[in-house]
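The chain below stands alone and is given as structure tokens, in the form predicted on its own.
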């Protein structure tokens, strides 16, 4: 007598629900504020990339006979105390400000994400030790912490970027940790642990992709915050050193002649305002597009 063995039907796990790219694009298009931020940021980045073609003069070229000229056809945004064209310096200064903002956000994101993943996943003493260090760093305002780091390392572009980036690590750590505490209780994480997946695979294959949405939004907003902090340090004389054009340093150069030639300081200040506003609006639009709970 032979016993027939019939295959046991197995149910496939339902596919993970993700927001398709067309839906994300439609959600961003339906958000006029986010779309406005994208347009502003695109125009600023395009003008920065074409600074060598758009700038009418050399940003370092000093002409004492043309100092403090008001805006005109020859100098659309006027000249500064040394006769340098303000428009040219603003365009070239955008390169440094955007570079510092992007690199500082990257320096803050990489260790912050890693610390948040490890702290939230393992918990226990690792979590307690990590979060106590982050709480200590958060006790200082970000600008004050960056100011202390620059004071120790000495002023300069690279040190300002490093200082602003290190000051942003606690925010990433806390955001990622809070998301990991929720995601690690999901069924697919328990199933991966039950079949013997290594912790590294669970962290980077199953948990990390599901906590990236708030990290992307935080990174976008952190770029704007980094630009503000770097400009503030340059305004205090601890950032980019003259005669290199940088928005914060340009505001400082026109501070004493604000009543006589307001365009020297107001022009870079307006550029900082527009850039940070565009980045923040884009961050809000990305949050609406990436979070399925906010979709209509």
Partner chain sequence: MLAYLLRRLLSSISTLLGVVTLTFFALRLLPGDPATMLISQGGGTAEQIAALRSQLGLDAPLVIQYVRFLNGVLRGDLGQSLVTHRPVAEVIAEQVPHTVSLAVTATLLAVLLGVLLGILAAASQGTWVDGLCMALAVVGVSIPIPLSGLVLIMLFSLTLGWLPATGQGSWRHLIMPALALNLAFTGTIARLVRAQLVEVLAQEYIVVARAKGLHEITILVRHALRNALIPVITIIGLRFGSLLGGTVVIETLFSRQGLGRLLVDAILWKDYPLVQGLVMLSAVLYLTTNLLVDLGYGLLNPRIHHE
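The structure presented is a predicted model; accordingly, all values stated were derived computationally and were not measured. Numbering follows the first chain given and starts at 1.
Below, we refer to the form predicted together with the partner chain, which is not included among the displayed structures.
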> in the predicted complex, which of 204-212, 86-94, 150-158, 186-194 comes within 4.5 Å of the partner chain (heavy atoms)?
Replying inline: 150-158
> Which one, 110, 139, 129, 74, lies within 4.5 Å of the partner chain in the predicted complex by heavy atoms?
Replying inline: 139
>> Just to be sure I understand the contacts: of 45, 51, 232, 35, which is the one whose heavy atoms reach within 4.5 angstroms of the partner chain in the predicted complex?
In response: 232
>> Does any part of residue 62 reach within 4.5 Å of the partner chain in the predicted complex? Heavy atoms only, please.
In response: no
>> With the partner left out here, check for me: in the predicted complex, does some heavy atom of residue 31 sit within 4.5 Å of the partner chain?
In response: no
>> Against the partner chain in the predicted complex, would residue 39 count as a contact residue? Criterion: heavy atoms within 4.5 Å.
In response: no
> Quick one: does residue 286 come within 4.5 Å of the partner chain in the predicted complex, counting heavy atoms only?
Replying inline: no
>> For the three residues 118, 218 and 290, which mark the spot I'm curious about, does each lie within 4.5 Å of the partner chain in the predicted complex through at least one heavy atom?
In response: no
> Out of 171-209, which residues reach within 4.5 Å of the partner chain in the predicted complex, heavy atoms considered?
Replying inline: none
